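Okay, so here's just one chain, in structure tokens, the form predicted alone.
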Amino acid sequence: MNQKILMEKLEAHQIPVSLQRIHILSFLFENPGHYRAEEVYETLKPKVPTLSKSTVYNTLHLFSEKGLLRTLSLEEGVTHYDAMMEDHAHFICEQCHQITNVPLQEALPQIDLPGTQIHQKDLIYRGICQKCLV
């Protein structure tokens, strides 16, 4: 993705621009998926030798906090980051643990819970993927 577009995305979400943030954002948008912070770090470390694990963790948390990424807590103690912000569901294979985006036929319904503020809606399907069934 063009560096200018990445800088504009960061600025639009009120995130100060840095070289590390541009690399992390570029990776996430050019490689759609559901990454753990460790995976982002291991992938980018050879390209960005000055990158630290704490920078990746802090940046992903900041991106999520500012609405640039979706966080998925699909298993206890493990957070995945998803750059697709449009409403969609996820299918998780119980054997290979692959996470797949599932388009929604309709938007997830709005609910009224007085005194609350909803930040994210998640719909998760679990089962065995086609590849593992073979």
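Everything quoted here is computed from the prediction, not taken from an experiment. Start at 1 and count along the sequence shown; that's the residue number.
What comes next is about the form predicted in complex with another copy of the chain, which is not displayed.
Contact annotation: V102 falls within 4.5 Å of another copy of the chain in the model of the complex, judged by heavy atom distances.
Remark: N58 does not count among the residues lining another copy of the chain in the model of the complex, judged by a heavy atom distance of 4.5 Å or less. Residue contact check for C129: one or more of its heavy atoms lie within 4.5 Å of another copy of the chain in the model of the complex. Looking at E38, you'd find every heavy atom of it more than 4.5 angstroms from another copy of the chain in the model of the complex. Contacts with another copy of the chain in the model of the complex, taken as any heavy atom within 4.5 Å, map within 81 to 95 to Y81, F91, E94.
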